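Below you will find one chain, with nothing else, as structure tokens; this is the form predicted on its own, and questions on how it binds or moves follow later.
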Amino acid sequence: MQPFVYETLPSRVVFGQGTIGQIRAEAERLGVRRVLVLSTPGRGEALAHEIAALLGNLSAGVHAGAVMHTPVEVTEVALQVVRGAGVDAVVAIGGGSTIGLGKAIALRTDLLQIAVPTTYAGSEMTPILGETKDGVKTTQRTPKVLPEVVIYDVDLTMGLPASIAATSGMNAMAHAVEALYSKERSPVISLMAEEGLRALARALPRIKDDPRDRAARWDAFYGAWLCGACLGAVGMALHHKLCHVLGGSFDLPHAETHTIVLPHAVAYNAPAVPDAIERIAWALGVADAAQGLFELAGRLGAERALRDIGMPADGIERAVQTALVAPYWNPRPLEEGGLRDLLTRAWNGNPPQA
């Protein structure tokens, strides 16, 4: 029997198709008067302007300055815009980069947030903020950064390229995987984690085969919500520590890094948590959890080698030593040789091995 503590988080979730049409009503429900819309440049910016139009006279304009890993200097620029526009809330539209910027602003200002995710990153459901400064990524957990409202609109994911859906979905799966062996796990979170893994495992190959499969997009977004909620409720372990180290140290793409590292982190932890690994395998419908995740990434056409997404070979040792500094809790003790082997296999794109 496993004793547990389960703490719910105070956020409102609106899920469906066409739900972005409720953005003004949700802003009014929060009692805000001037709302700044945040996005990345490009396609994200165009969508941000559409949302600004839906907000009508509540809109204070668009700031399309979000970038990967939430650099502190980027947040400082956004804060100047916030202060100049006199806003009392932000809407973050996009993936983890934009939602991270919204959280960074909220941390420093206590402004209300509405998150409108368009990928499967899951950050919108968590009180966690990761920021990068001087090549080092640090994370913190505080209720101040949790969005008050999250609007999931499946229609907004229909244009997400299948390749991005694949890595974004694998990123979401990592949250559920580590929730199943987190020291804060609970029966409720474990059920959500298994359901999230099942939904994404069945949806992502269908999206790969037919990007216009609306039912698959619905399943993937549903799974991503569940996995994000898991991330928000419990602490993470080795996988997330490694990805934060790799992303902050080498500026690697976030979702792709998670996709590559996940099978290897699962293999590393497998001897210590056989029951959790069995539940992961069952949710995925495979015999071996680590190998199943590796093969799923291959089935989706995702990169499976860190060297192929920009990590230098001489970065392996730096990553090992950085990961050993202030490590996250993990069910298996962090061993220097084991981490070196893990990262070497991930760098080469080899199958995972315990």
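Counting begins at 1, following the sequence as shown. Every value quoted in this text rests on a predicted model; they were computed, and no experiment measured them.
This protein has a second form, the form predicted together with a small molecule, left out of what is shown; the following refers to that one.
Please identify, from 270 to 278, 196 to 204, 180 to 188, 123 to 131, the stretch that has a heavy atom within 4.5 Å of the small molecule in the model of the complex.
Comparing against the small molecule in the model of the complex, the contact stretch is 123 to 131.
Contact of residue 241 with the small molecule in the model of the complex (heavy atom, 4.5 Å):
Because no heavy atom of residue 241 falls inside 4.5 Å of the small molecule in the model of the complex, the answer is no.
Does the 4.5 Å heavy atom contact test between residue 97 and the small molecule in the model of the complex come out positive?
Looking in the model of the complex, residue contacts with the small molecule include residue 97, since a heavy atom lies within 4.5 Å.
Give a yes/no on whether residue 69 approaches the small molecule to within 4.5 Å in the model of the complex, heavy atoms considered.
Yes, residue 69 is a contact residue.
Partner contact for residue 137 in the model of the complex: the small molecule, 4.5 angstroms, heavy atom
Result yes; residue 137 sits at the interface with the small molecule in the model of the complex.
Looking at the small molecule in the model of the complex, is some heavy atom of each of 230, 259 and 264 within 4.5 Å of it?
Negative, none of the three is within 4.5 Å.
By the heavy atom within 4.5 Å rule, which residue out of 112, 82, 164, 74 makes contact with the small molecule in the model of the complex?
Residue within 4.5 Å of the partner: 164.
192, 104, 160, 146 - the one with a heavy atom within 4.5 Å of the small molecule in the model of the complex:
Residue within 4.5 Å of the partner: 160.
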